[in-house]
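The chain that follows stands alone, in the form predicted alone, written as structure tokens.
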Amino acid sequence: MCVVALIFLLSSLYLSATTEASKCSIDGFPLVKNISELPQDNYGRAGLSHIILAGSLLHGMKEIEVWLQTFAPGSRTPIHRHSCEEVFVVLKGSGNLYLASNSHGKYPGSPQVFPIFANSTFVIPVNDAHQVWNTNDQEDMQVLVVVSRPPVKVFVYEDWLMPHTAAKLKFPYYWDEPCFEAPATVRDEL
């Protein structure tokens, strides 16, 4: 009887020690990770692959967040802005960056168009409306993205002439939803 109890106790301890940590816990995440083994999703957006390499809600980051995003030919982000700085590094492929020329007026206005390509980088200032679009019909575009002040509060526009006051707030953003716990006071910084 004691042997059975001892085996049960040891089995329980082993299982509790090897059980995977919560998806939203920094416990259980190794320091060095293989990108190909990290969770990826398209969050309902055809042509997008999004991987969080280092995240606020997922990994406990407080000042920055790092993503790896792949856009299939023709895919794009929505027209949007957010209250954080954003840095892109284009790893492969090509496309266009659309950046509003009037982000701090009543609406974004006609965007400037900047060609982007492998080994290019660009910075999106706080609250500048923008869109990234893979205009190459032959290959994927892959970008490394670093954002400040996570988690990101995103305001989405239907078009470039939509007033800022009509933009739709999406917070928490799709990849943060499973780990988001507390309601936040969200303030539009425009």
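Throughout, we count residues from 1 along the sequence that is shown. Note that the structure is a prediction, hence the values are computed from the model and not measured.
Quick note: we don't show the form predicted in complex with a further copy of the same chain, though the next part is all about it.
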property	result
Site check P39, F71 and M162: each within 4.5 Å of a further copy of the same chain in the predicted bound form by heavy atom	no
Partner contact for S148 in the predicted bound form: a further copy of the same chain, 4.5 angstroms, heavy atom	yes
Heavy atom of A46 within 4.5 Å of a further copy of the same chain in the predicted bound form	no
Touches a further copy of the same chain in the predicted bound form: T121 (any heavy atom, 4.5 Å)	yes
Residue contact check: M61 to a further copy of the same chain in the predicted bound form, 4.5 Å heavy atom	yes
